[in-house]
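Just the one chain here, the form predicted alone, laid out as structure tokens.
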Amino acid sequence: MSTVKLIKRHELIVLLEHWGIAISGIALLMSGIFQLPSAARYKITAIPGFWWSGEFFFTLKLHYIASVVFVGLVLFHLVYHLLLQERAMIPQSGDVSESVKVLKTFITNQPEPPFGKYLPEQRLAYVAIAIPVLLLVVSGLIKTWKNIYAPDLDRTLLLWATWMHNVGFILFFMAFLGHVAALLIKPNRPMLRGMLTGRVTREYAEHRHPRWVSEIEKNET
């Protein structure tokens, strides 16, 4: 029987919204790329299970379905956490300098400053993902409106929406790669357990998030 003490880091509803946004976001990235004439050109359609990548209307429907899930979960995320008045992921003054200190500790092996539930770089990464998501949602709604209801939509507005969507796509893809890469860094690996199960080891929490643990203990007394 395991004697590892665990501490709850995320509620189930947070895990569901995180993975729902992640999976629908990946589906959007893939279906968006495959709407370009690229899958057959680069033999992706020959990969077992990827026959659909060369079917334009299939990937278009997949893009619309994934966008409904993605936008719905993003709106849920905003409303849910606003109602609960949870602001722990909002960047705070000094987060940039604190993030630099954390990066230095990865090289020097010096101890990190004591942190709360979230690291300063996590709050900055939250904004780095939120900006392209906002670009993609707004521009995607304009492009969808044009495709379904307004084929004669103003061309200047459509051009701006297309550029916003392209830039948002690049930024979102880079943010996605950065998010995954951050979890490969050794001190960050225990957080993967938190995103899969909602719990992290108490040893990790006390080592890296002592201010958060103190808040929990204070609320329990």
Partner chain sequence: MQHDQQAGALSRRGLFKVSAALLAGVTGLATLPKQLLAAPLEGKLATLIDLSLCDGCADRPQPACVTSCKQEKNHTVPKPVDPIPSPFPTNIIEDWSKKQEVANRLTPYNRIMVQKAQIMVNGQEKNLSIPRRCMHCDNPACATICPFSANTKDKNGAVVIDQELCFGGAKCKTVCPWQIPQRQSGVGIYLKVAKELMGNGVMYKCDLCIDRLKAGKTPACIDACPKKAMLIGPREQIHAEAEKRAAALGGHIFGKQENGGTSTLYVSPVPFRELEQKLTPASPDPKKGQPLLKPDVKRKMAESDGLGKAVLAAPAIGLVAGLVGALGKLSQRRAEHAGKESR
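Here the structure is a predicted model, which is why all the values come from computation and not from measurement. Residue numbers count along the first chain shown, from 1.
The discussion below concerns the form predicted in complex with the partner chain, not included here.
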query	finding
Proximity of residue 178 to the partner chain in the model of the complex, heavy atoms at 4.5 Å	no
Any non-hydrogen atom of residue 144 within 4.5 angstroms of the partner chain in the model of the complex	yes
Partner contact for residue 11 in the model of the complex: the partner chain, 4.5 angstroms, heavy atom	yes
Heavy atom of residue 111 within 4.5 Å of the partner chain in the model of the complex	no
The single option of 60, 182, 192, 174 touching the partner chain in the model of the complex, heavy atom within 4.5 Å	60
Single option in 159, 167, 46, 26 placed near the partner chain in the model of the complex, where near means a heavy atom within 4.5 Å	159
Region of this chain that lies against the partner chain in the model of the complex, out of 101 to 109, 88 to 96, 74 to 82, 126 to 134 [heavy atom, 4.5 Å]	74 to 82
Neighbours of the partner chain in the model of the complex among 20 to 41 [non-hydrogen atom within 4.5 angstroms]	35, 36, 37, 41
